[in-house]
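Take a look at this single chain, the form predicted alone, given in structure tokens.
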């Protein structure tokens, strides 16, 4: 799989760009703030419908513009598909496949698969559980695009149920009208369990499938370090379901749904008291272990980088195992890595069908990758600076 053309209009610092790309390795060179990361961010958005840098779409729309457009021609096994996204200020985003509108933007998921490694990935190891849940869910959706609908339904039910808990809790304290609210809450419990069980089953299957890749990837990066492992973490699941060596079964969804319903019933008094939903995959975590110690809080800076890199390389190998190479994107990371980690990352990049790299100077990119360099520059001043692609430069030019 590779992107043959990338088109941007009013995206971040880009007024417009029409970029022709090829299989192999391309490096976008430029000083910080020139807009090179915006290019891989745009490709990543078409793959995940989200940015790896911000949680909302507003910063992606160029200052002063009402909308932003991202488009790409994707080649997969000789077949071309055109995918376009329009991000709008104050209204719903819109998407097209081969220039034809689709009802829901999530219908484009699966056309373009990417794996991005960026400095922000340190948060996978050192950050909050939400960072690791996002990693799991984006990878689950890459493997099974219809899961985007399940995630959307779960989030909607969670918001509704949380609002109802707050209302019912207030009424309980005032002793008025609580019975009707609790009856409605029973209905939302069922919805939460239905969608939550399907999401949970896919997460558990992913951890099971990712586990051997993670151990091998980490060993190749840091052979002198302790063994790396992952384990799903949940306060309401039986221990046997949390064992990554356990092979998930088709009937797990029904069993998990029953577990969630039971746990919701037991947690209801506390939920009403606190006004929040205390049971469900929105409260789970991916536990990262080095030997017998959790990586968070115990891993050194180098070990944290190694674990983050191993997670991304494992995701790449897992998706590659489905029959198509995802596009590997490396955002300003070679300068952060020591020689061994650079070599391990370069070895994987050398085998990928397409690799998009950002770097400040050519010396940051291992010479063995033989990447085609494109210079990214900006013109203008302050908030009106505009990015553009300069002509190609020699790999040895600073």
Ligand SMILES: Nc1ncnc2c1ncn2[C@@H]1O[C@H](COP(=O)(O)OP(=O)(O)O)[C@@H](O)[C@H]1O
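Since this is a predicted model, take the numbers as computed values, not measurements. Numbering follows the first chain given and starts at 1.
The form predicted in complex with the named molecule is left out here; the points below concern that form.
query: So which of 362 to 370, 55 to 63, 344 to 352, 42 to 50 is the stretch with heavy atoms within 4.5 Å of the named molecule in the predicted bound form?
result: It is the stretch 55 to 63.
Taking heavy atoms only, is residue 34 within 4.5 angstroms of the named molecule in the predicted bound form? Residue 34: yes, in contact with the named molecule in the predicted bound form.
- Would residue 388 sit within 4.5 Å of the named molecule in the predicted bound form, counting heavy atoms only? No.
Just checking whether residue 375 would be counted as a contact of the named molecule in the predicted bound form - the rule being heavy atoms within 4.5 angstroms. Contact check for residue 375: no, nothing within 4.5 Å of the named molecule in the predicted bound form.
_Does any part of residue 12 reach within 4.5 Å of the named molecule in the predicted bound form? Heavy atoms only, please._
Yes, residue 12 sits close enough to the named molecule in the predicted bound form that at least one of its heavy atoms falls within 4.5 Å.
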